[in-house]
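In the block that follows, a single chain appears as structure tokens, in the form predicted alone.
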């Protein structure tokens, strides 16, 4: 059985990605939550992660850190689950948009930090942030137009790509970001997932406060 080391569910977007993938595909794992911004976090995380960051997947003697690396490992270990789309072209696009999310969107990360307890419109949207929001909207709508016949997610069935964009769904919801009808439908599909609802409920039940992620 795997062990997944995560941070606070209210704030840790990268932890959510790995956790959601494992949970949605019904892969058994033990959850180990470390409190972010805690005096003991730096000391504790080094027992599990050479990078000093969450999430970390423990598989026997192996440690895999970084959400996308974890996702790729799970896809390799469980090929029957089709964590990536089956078809080559769709799989290539799914990997492209997942990598784009992994390495980009700095304005969304900085200006719209994940906070599952928040429900308040963003105070201001800079041109740079607006450009990134528009790019996410374009990704969602273009994927839905192309693959809607296969299901309700970005590539029809749930995939790693959906796990990678799950924190953005929560951010857009928390900050009242306006989206088109097609993107709103996708957001509702994601929010309706029992797995994501379970994460949100646990996040809202947490009592820790990290001021940097609050107003």
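Keep in mind the model is a prediction, meaning the values are calculated, not measured. Residue numbers count along the first chain shown, from 1.
Unshown form predicted in complex with a small molecule; subsequent notes refer to it.
Comment: the small molecule is not present in this chain, but in the predicted complex one of 182, 148, 53, 27 has a heavy atom within 4.5 Å of it, namely 53. Interface residue among 78, 117, 102, 87, judged by heavy atoms within 4.5 Å of the small molecule in the predicted complex: 102. Across the options 185-193, 66-74, 153-161, 172-180, residues that bring heavy atoms within 4.5 Å of the small molecule in the predicted complex belong to 66-74.
Although the partner is absent here, residue 23 is not a contact residue: none of its heavy atoms lies within 4.5 angstroms of the small molecule in the predicted complex.
Taking the partner from elsewhere, residue 36 is found to have a heavy atom lying within 4.5 Å of the small molecule in the predicted complex. Taking non-hydrogen atoms only, residue 10 never approaches the small molecule to within 4.5 angstroms in the predicted complex. Among residues of the shown chain, residue 199 is not one whose heavy atoms approach the small molecule to within 4.5 Å in the predicted complex.
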